[in-house]
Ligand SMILES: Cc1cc2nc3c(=O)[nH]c(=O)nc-3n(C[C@H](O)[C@H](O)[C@H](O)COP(=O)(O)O)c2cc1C
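Next up: a single chain in structure tokens, the form predicted alone.
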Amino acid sequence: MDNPTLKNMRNHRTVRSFSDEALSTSDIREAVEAAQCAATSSWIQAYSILQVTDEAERQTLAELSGGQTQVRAAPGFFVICGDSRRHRLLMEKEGKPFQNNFEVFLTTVIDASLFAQNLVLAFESQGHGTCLIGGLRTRLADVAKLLEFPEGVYPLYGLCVGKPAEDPGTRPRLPFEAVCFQGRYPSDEAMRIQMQQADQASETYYTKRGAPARTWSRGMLRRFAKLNREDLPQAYLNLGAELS
């Protein structure tokens, strides 16, 4: 493959073990400024990123995220947020009410997610490994209190960054035919066939890594058999989100 961008994207893997090499401020600036070139709804740029440098806070965040030690151990740890704070300040300055609804919250989530994916690609292009931490939302209210986020700033996930000390390999994705359609969404039977193919590929992947009983479907059955993080709506409401 001659296209370096596509090669970099295909080589993405989640890294949880990092070397001790420090993450330079120049790499951070370069990666963030590149990530800011992601698409943004109406140019609102409704995102922000907080680097957590205090060791005690990082230890607490590792615990709040479900005991994920890489949160504390990675050379760099960031919290990626949807951010409507600056827009609220602008409206306040002009003496106008900030019109808030679910679309405003959703837009911050979308903007921040587009930014985050760009950021991951930027760091990986520099030779760093990354690990997004969805577990940051497990005890979101405690995270928000610890880091003192103001109204209108919504922590969404964490991001560990550093030089990899492991090569976990790339996990197979769903087949092209399972995610890209023409004209209409496929029948359930056609989707089931694609899911079976995904299971075959994932079983091969896990078998090579000593876990032959694992497949994509079995993982999804565990994931969607119970509700998770049921307190999230209230936590985001407390931070100023509107969910209706």
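By rigid core we mean the largest C-alpha set that fits within 1.5 Å across both forms. Heads up: residue numbers just count along the shown sequence, starting at 1. What you see is a predicted model; the values in this text were computed from it and never measured.
Another form, the form predicted in complex with this ligand, is not on view; read the next lines as being about it.
Q: Please tell me whether any heavy atom belonging to L132 falls inside 4.5 Å of a heavy atom of this ligand, as the geometry stands in the predicted bound form.
A: Close contact exists here: in the predicted bound form, L132 approaches this ligand to within 4.5 Å, heavy atoms only.
Q: With a 4.5 Å heavy atom cut-off, would you call R173 a contact of this ligand in the predicted bound form?
A: Yes.
Q: With a 4.5 Å heavy atom cut-off, would you call T14 a contact of this ligand in the predicted bound form?
A: Looking in the predicted bound form, residue contacts with this ligand include T14, since a heavy atom lies within 4.5 Å.
Q: Indicate whether Q68 is a 4.5 Å heavy atom neighbour of this ligand in the predicted bound form.
A: Within the cut-off, so yes.
Q: 99-107, 144-152, 124-132, 77-85: which one contacts this ligand in the predicted bound form at 4.5 Å, heavy atom to heavy atom?
A: Comparing against this ligand in the predicted bound form, the contact stretch is 124-132.
Q: Counting only heavy atoms, which residues in 145-159 are within 4.5 Å of this ligand in the predicted bound form?
A: Heavy-atom contacts within 4.5 Å come from Y157 alone.
Q: When you overlay the rigid core, is the Cα of R214 off by 2 Å or more between this form and the one not shown?
A: It does shift by 2 Å or more.
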